[in-house]
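The chain below stands alone, shown as structure tokens; this is the form predicted alone.
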């Protein structure tokens, strides 16, 4: 009897520890996710923009946050700084060289729980053919059932990069990124 109760308790605790683990697809079709950036324009103002096309997926388990993973693929040809002539120049080999490097990719390597919904996500960013490690400072925004019968979870994150670190000769200082990621449970 004790062995049976122990076995049931072990199975139940195993189920409960994985009940919150889930895989999500980043909701780009509903425009509930965005990758925005800003960079100083010759020291006088901020130039802002975004990437209009990207996709990704992630896994998240609030009971085992360190096991979480995220992959984001960015179509670099979709850069949008609200100025067509500038965007055309940014796509050239002076900057992103989108003919050779049409995709950038972020793959997490470590997720740390900082408490109260704060996360530190370390990962490899491949941009312009160069892969470098960077850290996203992230916060869980919320989660729950959506009006369409699905389940969603959202995160907000920031990070900075320097173009020279990715083999881009022009150096205009740090580029700040702001990511808003809402995932739909698969």
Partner chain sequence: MLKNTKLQFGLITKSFHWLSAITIFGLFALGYWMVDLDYYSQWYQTAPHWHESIGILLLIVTITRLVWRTFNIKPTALETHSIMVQRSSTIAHIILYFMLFLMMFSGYLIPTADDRVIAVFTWFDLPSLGELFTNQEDVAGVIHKYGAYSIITISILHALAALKHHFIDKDATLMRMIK
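Positions refer to the first chain, counted from 1. This is a predicted model, so every value here is computed, not measured.
As for the form predicted in complex with the partner chain, it is not shown, yet the points below apply to it.
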| property | result |
| --- | --- |
| Segment assignment from 143 to 151, 41 to 49, 66 to 74, 129 to 137: heavy atom within 4.5 Å of the partner chain in the predicted bound form | 41 to 49 |
| Residue (of 100, 110, 83, 114) lying close to the partner chain in the predicted bound form, criterion heavy atoms within 4.5 Å | 83 |
| The partner chain contact in the predicted bound form: residue 91, any heavy atom under 4.5 Å | yes |
| is_contact(residue 172, the partner chain) in the predicted bound form, heavy atom dist at most 4.5 Å | yes |
